[in-house]
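In the form predicted on its own, a lone chain appears below as structure tokens.
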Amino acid sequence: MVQLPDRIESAAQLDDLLSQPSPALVEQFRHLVGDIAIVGATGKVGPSVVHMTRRAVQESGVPRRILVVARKPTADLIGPGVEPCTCDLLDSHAVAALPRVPNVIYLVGRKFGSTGSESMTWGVNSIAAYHAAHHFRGSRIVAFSTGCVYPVMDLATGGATEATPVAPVGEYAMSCVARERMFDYFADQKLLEVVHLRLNYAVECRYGVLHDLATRIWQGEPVDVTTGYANAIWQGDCCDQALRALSLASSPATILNVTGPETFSIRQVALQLGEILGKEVTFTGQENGLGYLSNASRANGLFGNPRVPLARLVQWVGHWVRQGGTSLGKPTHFETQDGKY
């Protein structure tokens, strides 16, 4: 069992923690058949998936190719056993030239900046998915999706389960349903085995709901509690569950909500962060009991609860922001309820 530190002091330590595979993942890789492609590896989550995959392969003792597919694979993604593949997923000819492998982690998606350039969001989230699904026929695919495909949920419901019908709000969420349907088209015809991994939300020290809250508090800005509740999962735990979900791929597709077991109060966590940061916390708005809330009982029953609990995440992020740690500069807009990003 990995001992969790009280604080994260550097980007190197952070990246190491984000890419540590669980013993269960390493054991699964001893039995997994075939090579792996990580498609869309340069986003927020992609590098952690790449490095965790590489470490899990090494620790399993079973060699396999790891293909990293991106428009511009960056140098930090390349290492022993990792093969870069430059590819624009919107170009069907480029996709057709990719090696075909039996295991695929699909991370391609567009969210921020969707308002005002809706056609590009639909293109990235649906056309690229169609190209990938068509090319990787016969493979197992874990396709990252989002809890935003569900309706905004009332706190009293306990959050959306996998049985909750999709009811997307706004064009971004609609395009995410379209992305799922591209994979469903092939899965329903028994041409793919698929898992839709509906994530809500991944966090680390440089990005996420907790980072957004800590940054506002550190800068003396009020915290809006209109969207008063949220879910979160340590990004390392999210990556681990995504890779382990390869064993769940099926046709028709499996749906899996991925988040932490807690539904937490934004107000309460903000006050905890204020104590760590040594800052007074001010609030605006009033909780309406609504938010993008997911119930991940199924995933946490299959994989066990995430290794990093919420209290430790709050501690890590608070100290990171207080010591001037770097930021990805990408606010989550978790408070959004109208679907506009």
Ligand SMILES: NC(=O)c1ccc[n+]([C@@H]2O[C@H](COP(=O)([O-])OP(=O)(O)OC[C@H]3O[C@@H](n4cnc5c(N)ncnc54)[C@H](OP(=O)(O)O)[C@@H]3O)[C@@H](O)[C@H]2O)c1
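Predicted, not measured: the structure shown is a model, and the values here were computed from it. The numbering used is simple: start at 1 and walk along the sequence shown.
Beyond what is shown, the protein has a form predicted in complex with the named molecule; the following relates to that form.
Checking 44, 65, 30, 312 for any heavy atom within 4.5 Å of the named molecule in the predicted complex turns up a single hit: 44. Here is the short version: of 230, 213, 89, 149, the single residue with a heavy atom within 4.5 Å of the named molecule in the predicted complex is 89. Although the partner is absent here, residue 103 is not a contact residue: none of its heavy atoms lies within 4.5 angstroms of the named molecule in the predicted complex. The named molecule in the predicted complex is approached by residue 40, whose closest heavy atom lies within 4.5 angstroms of it. Taking the partner from the other structure, the named molecule in the predicted complex has no heavy atom within 4.5 Å of any heavy atom of residue 121.
Though the partner is left out of this view, residue 190 does not reach within 4.5 Å of the named molecule in the predicted complex, counting heavy atoms only. Of the candidate stretches 172 to 180, 267 to 275, 159 to 167, 133 to 141, only 172 to 180 contains residues with a heavy atom within 4.5 Å of the named molecule in the predicted complex. Residues 199, 201, 202, 207 are the members of 199 to 222 with a non-hydrogen atom no more than 4.5 angstroms from the named molecule in the predicted complex.
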